[in-house]
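Only one chain is shown below, in structure tokens, and it's the form predicted on its own.
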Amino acid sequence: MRAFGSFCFDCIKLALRGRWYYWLWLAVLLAGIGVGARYYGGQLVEGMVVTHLSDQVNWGLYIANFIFMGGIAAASIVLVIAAILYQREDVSQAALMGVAVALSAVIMSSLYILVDLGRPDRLWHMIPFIGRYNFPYSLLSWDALVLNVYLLFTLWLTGALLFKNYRGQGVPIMRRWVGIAAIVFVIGMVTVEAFLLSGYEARPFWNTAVLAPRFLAAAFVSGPAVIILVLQVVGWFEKQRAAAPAIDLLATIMQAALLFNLFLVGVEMFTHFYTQGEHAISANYLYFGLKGFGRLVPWIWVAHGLGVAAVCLVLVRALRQRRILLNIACLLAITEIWIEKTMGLVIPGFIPTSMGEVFEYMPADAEIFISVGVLSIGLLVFTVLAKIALPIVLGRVRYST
């Protein structure tokens, strides 16, 4: 009990101490949260009319970001899996940063669902045994269950890893079931998110069996890419060398996932355009335009171009080992996955409508600024966690009996 009290006190002390750039960064994030809150207040008062969502296109930027962040949250604990199940002590220090990214991402994913609700006061219906949860028949209830359980899991894992490092024990001492649970959550979260779309009967563009594997491949591209960049940024600010073994492992995972993701995209394109069935109508709109409408065409081709460029950079080991080229590959991969899972997946599912009409969608200013506000909340959570975690992981702050 005394150790836990000392741990809490030191965590608060670490969070409230920092150089000028730390406080400047927090000020920027708070400003982003303020702007997002201002626009969200307008959305609460005026309703979803302030967005460009409609009866024809009722999922947009919010749901796309929810899916993207869910993938990052799921794949970001891969270092924990490696450290516990495979006893990779060389990546154990970096594992905590991966968990911090996962926790921040799952918070953002949940918040994107919240801001997409036109009536957030009815959120209590999602509480089991209290509201109209409709479990297990509703896929949305499954998604809410997975998100909330995963949020609790990452909260516990973050606290446990921090406390164990604080007492000088580290990651490998954790029980094997934690690594197994992490694998279950990685697959479960991504699969449920994919089923939310593929189970939408009226949207043939999503009715494909490879949607869940595509989500899984995309998660293992964006998640490792984000952690690679995070490890280097944190290492630079703390005047420490980035965890080279962890970065090499993540780069290898990202390389395989990038290739698999492009393969699945190619399989989808062949199915759509060779057979030219009803599924191909939305794909035609996405890739070539339809009835004179084609706002998404440049987005998707640029995305695939970025994906191919990222693969070329990570496929050659000599190029991948150069940090600047690896960082460029990570940025290209993250951008490619974000476009593919927003402009290239969620939106075309609603275009054209079941009546054959084309109602194009582009996010409104309110949606963009609210999304920035949610992103700022996630970055704020991660920043504070990293500020607390790094001195503890590096052994600068330890419990003294």
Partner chain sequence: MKWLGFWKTRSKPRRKERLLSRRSLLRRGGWLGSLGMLLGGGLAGGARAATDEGSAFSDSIGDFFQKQYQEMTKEEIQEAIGRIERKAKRRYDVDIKVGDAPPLPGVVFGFALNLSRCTGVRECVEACVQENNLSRSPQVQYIRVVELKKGSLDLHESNHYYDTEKVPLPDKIYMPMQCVQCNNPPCVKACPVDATWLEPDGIVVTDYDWCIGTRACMAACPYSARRFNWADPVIPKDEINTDTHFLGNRPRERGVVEKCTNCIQRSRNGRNPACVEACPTGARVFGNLLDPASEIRYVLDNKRVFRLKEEAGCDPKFWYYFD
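A quick note: this is a predicted structure, and the numbers were derived from the prediction, not measured. Positions refer to the first chain, counted from 1.
Quick note: we don't show the form predicted together with its partner chain, though the next part is all about it.
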**Fill in**
With the partner omitted here, the residue among 300, 111, 126, 249 that in the predicted bound form has a heavy atom within 4.5 Å of its partner chain is 126
**Request:** Heavy atom within 4.5 Å of its partner chain in the predicted bound form: which of 48, 26, 368, 33 fits that? Just give me the one.
**Result:** 48
**Request:** Given that the partner is absent here, state which listed stretch (38 to 46, 65 to 73, 328 to 336, 372 to 380) has heavy atoms within 4.5 Å of its partner chain in the predicted bound form.
**Result:** 38 to 46
**Asked** Are any of the heavy atoms in residue 89 no more than 4.5 Å from a heavy atom of its partner chain in the predicted bound form?
**Response** no
**Prompt:** Would residue 53 show up as a contact with its partner chain in the predicted bound form if we use heavy atoms at 4.5 Å?
**Reply:** yes
**Request:** State yes or no: in the predicted bound form, is some non-hydrogen atom of residue 291 no more than 4.5 angstroms from a non-hydrogen atom of its partner chain?
**Result:** yes
**Prompt:** Taking the shortest heavy atom distance, is residue 169 within 4.5 Å of its partner chain in the predicted bound form?
**Reply:** no
**Request:** Check each residue of 101 to 119 against its partner chain in the predicted bound form and list those with a heavy atom within 4.5 Å, in sequence order.
**Result:** 116, 117, 118, 119
